[in-house]
Ligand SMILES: Cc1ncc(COP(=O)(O)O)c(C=O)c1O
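What follows is a single chain, given as structure tokens, in the form predicted alone.
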Amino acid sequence: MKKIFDAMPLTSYLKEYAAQGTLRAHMPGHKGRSLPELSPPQDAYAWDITEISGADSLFEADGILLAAERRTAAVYGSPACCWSAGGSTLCIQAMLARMRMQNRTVIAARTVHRAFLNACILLGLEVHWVFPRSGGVISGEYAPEDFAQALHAVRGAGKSACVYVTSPDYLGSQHDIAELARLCHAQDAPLLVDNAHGAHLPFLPENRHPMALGADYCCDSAHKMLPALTGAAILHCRSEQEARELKCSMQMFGSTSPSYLIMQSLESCTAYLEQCGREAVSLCAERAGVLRRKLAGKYRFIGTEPLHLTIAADGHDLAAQLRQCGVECEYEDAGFLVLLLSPVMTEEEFAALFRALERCTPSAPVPAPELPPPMQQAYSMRTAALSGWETVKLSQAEGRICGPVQVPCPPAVPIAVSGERLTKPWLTLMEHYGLGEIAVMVQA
């Protein structure tokens, strides 16, 4: 049997990690535990089916899956929603396909996930970037008036627009969604929110979910912060008619055989939220607040989202220390470390996390270079990403045109965008984040 596992490195890794008892301060939000009486039996293969008689069909749902989606929408207080077994990526593709059908220019905050970029490339969407006033490429502070200015510029050019933001972002910073919604609706522009890291927001003492604050479309990755399997996501919208139209877009990108195990985990997660969501999420936020206060003299915490425990420090060094204490983080770089919390975490796990952080000694963060002036968009994103390309060292890339974006996940936030002419300051920024090479167009 050992020889079999030696030839299966993924299986071996998963088996070993599950047996270690590591405190999982990373996604998915189930933290390695199933929900009692709500999850598949140990032999999950028995529950793994496709669209057989009676099982409904996700993209044409009119039976048990439609009823389950309506239940999820009711729990969230949304007019309607669509389930996704393809993560928030599929939801983002569907939202943007709807904007393409309406011939809208997308005004987007620069700190986007690569799923947004790839969807725009596939759909041939024009993007007008809004850069943060402060912060960096992963997380930044934005001014609503910059989006208002962009909306006026696009409308002044005789085009329709929409606004797209990521909130919360990877470090837990949030946009003023209510103000953005007000600005958008005054200009007849839909507001789209990548809320992948915020599926728990309706269940905090103050409902901060984007749909409650005025967003028109919003995607949640249930698996990031809640007890659902990886790939479980929800696309919220303003009516059941819109949900049916979004399903048509989802089937253009999604598998014709979405995982019933993932969908079952969404149903289980919905039931969990119905039964104890507000109590569990609020308690988790309260425990996180206590932890922050106790450690405030030792660590500098940033971000406004309570279940993101983001520390300004040399993340690589701190992550190594935490691993010695049996804690695995979500993200680390030279300036930050991110620990993701979940309502299923026990009081004992919070105590263990506190002891581990108390034992560690943070080193000063290595600050990222300030954001340089924007680069020139020499080619459309679609042209650059779908043309011939080659990989070159960053030292050889100045003046070349960025091809398909290749950034690691996490955090999967592009630094340069396809079609931009690369400048030395932006290449220096890439070096700070540990990149050594970049894909560039062959002919440019």
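Numbering starts at 1 and runs along the sequence shown. Here the structure is a predicted model, which is why all the values come from computation and not from measurement.
Unshown form predicted together with the named molecule; subsequent notes refer to it.
Site residues R100, T105 and L192 are none of them in contact with the named molecule in the predicted complex, judged by any heavy atom within 4.5 Å. Contact with the named molecule in the predicted complex, judged as any non-hydrogen atom within 4.5 angstroms, is confined among 257-265, 81-89, 321-329, 353-361 to 81-89.
Remark: T72 does not count among the residues lining the named molecule in the predicted complex, judged by a heavy atom distance of 4.5 Å or less. Proximity of V163 to the named molecule in the predicted complex falls outside the 4.5 Å heavy atom cutoff. A residue is said to contact a partner when one of its heavy atoms sits within 4.5 Å of a partner heavy atom; H197 meets this definition for the named molecule in the predicted complex. Under a 4.5 angstroms non-hydrogen atom cutoff, the named molecule in the predicted complex has S221 among its neighbouring residues.
Comment: the named molecule is not present in this chain, but in the predicted complex one of Y217, Y76, F336, Y170 has a heavy atom within 4.5 Å of it, namely Y170.
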